[in-house]
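Given next, in structure tokens, is a single chain: the form predicted alone.
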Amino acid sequence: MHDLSTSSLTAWPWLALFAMPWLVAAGGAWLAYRYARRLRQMATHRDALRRELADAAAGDPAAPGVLSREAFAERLNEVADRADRAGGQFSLLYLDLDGFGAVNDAVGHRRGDEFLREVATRIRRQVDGPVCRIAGDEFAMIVEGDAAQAREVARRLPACMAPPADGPLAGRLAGTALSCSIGIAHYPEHGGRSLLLANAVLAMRSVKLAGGGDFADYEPQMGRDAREEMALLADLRVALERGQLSLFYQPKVDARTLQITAAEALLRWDHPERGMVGPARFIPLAERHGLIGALGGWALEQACRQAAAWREQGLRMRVAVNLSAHQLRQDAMVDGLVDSLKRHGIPPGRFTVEITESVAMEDTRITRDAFDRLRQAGLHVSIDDFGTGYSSLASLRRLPAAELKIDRAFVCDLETSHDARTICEAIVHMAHTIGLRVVAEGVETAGQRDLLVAIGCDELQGYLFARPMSAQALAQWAAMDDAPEAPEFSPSLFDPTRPTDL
């Protein structure tokens, strides 16, 4: 072993003195780096807190955790900037509840707002990104990722519309079937950030047009469809003012005698350029844009006027008119109809109002009140499109209905489907058990007619007997009453001393 020399020992202090500045500099640099990193972390945390506070301040007080439109627009720009930098994708979903008016009718607007808060909370659990309540029952949300991820979220969202399982709203909304329509626009495929919301709305409206309760991606055709809808809406307003609308009448025949006893009034629009526009096209348009009240009121008044005109000609025809959900919810609708019947001298029992099964089964305060007023007025009530909804025997017994109309979907399959025949037989048996008459619509073949007569239907309607026609054409037919192979008019319609058949 070698001993350290005296010169080596004396060299160490000099080396330490030489290295000390470097060690101090390195330590200072490390401390500066840690301090800078800590500052950046604190700044990031501060910005996040500021954004949360800003979101809370700019949020929707009626839906906690949901952003205002201004805050949502800022977040949309942030997400778009991030996607632009990284080449990423995201989607904007626009959701509108279907038939939320029925909830307000059932529980009132204050309780309806409580339900919207519940829905908003559920949506926030399903969506990681920002959510905004645009207006009323309409929500927008951002889903980062590809189109498949956005569609998966859209599949989960309808579950958010279910009535609460407990709490004050549970009993009031029990049995209420709510759905939603969702439009999806993908960035950047479906336009820049300024167009994304508008395109998602167009996609949502296309779902509404198809009946709701689904979701759809935006397509360029939807913009053209929207412009076409607006043009048709403007024309419909003009049609109401200029008398371009009319009622056609399709006869109904007694299933025992095959004689005509009544007629259903059907709206038609004779457009000066488009020709005849069917109700399936313009009725939903009127409902979406607030024209259905004026349209329905005109139809009721015109049907009463026409029934009175026929009576002056000696034809005591029973007339049926369809009522929309919107009309049924109007407080003054029943009073207005009763007043029109009195002015034209039409007995209420000779006037039928047809209400679709889905609307009739809405167990809301307003619909219950409307049915009570219909009962008190003595009007003949028919449940239309029966078999397509969720009626129960108990609910049918509570309604003031006099008859059911079997939906044409079952009638058209009657000759080929055992299930259709079984359903029709069950409807007839159930209706007769609780004292209701049964009408079958959409009868087009002799085979369908014979099967319906055999199972006990009371009345039949369809192209086999007559297509819808003008009031003048029906009056001329009744006056002649000698067309070969055509149904005859019941003699009771012409004899005021005899009771007319229902």
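What you see is a predicted model, and the numbers here were worked out from it, not measured in a lab. Sequential numbering from 1, following the sequence displayed.
Beyond the structure shown, there is the form predicted together with a small molecule, which is absent from this document and is the topic of what follows.
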Every residue in V66, S91 and E138 with a non-hydrogen atom within 4.5 Å of the small molecule in the predicted bound form? no
Going by a heavy atom distance of 4.5 Å, is T261 a contact of the small molecule in the predicted bound form? no
Although the small molecule is absent from this view, report whether I182 comes within 4.5 Å of it in the predicted bound form, heavy atoms only. no
Would D385 sit within 4.5 Å of the small molecule in the predicted bound form, counting heavy atoms only? yes
My question is simply whether I283 lines the interface with the small molecule in the predicted bound form - judged by any non-hydrogen atom within 4.5 Å. yes
Heavy atoms, 4.5 Å, the small molecule in the predicted bound form: which of 449-457, 463-471, 429-437, 66-74 makes the cut? Say which one. 463-471
Answer option from V201, L323, I346, L337, heavy atom within 4.5 Å of the small molecule in the predicted bound form: L323
Identify, from the list Q250, N104, Q149, Q302, the residue with a heavy atom within 4.5 Å of the small molecule in the predicted bound form. Q250
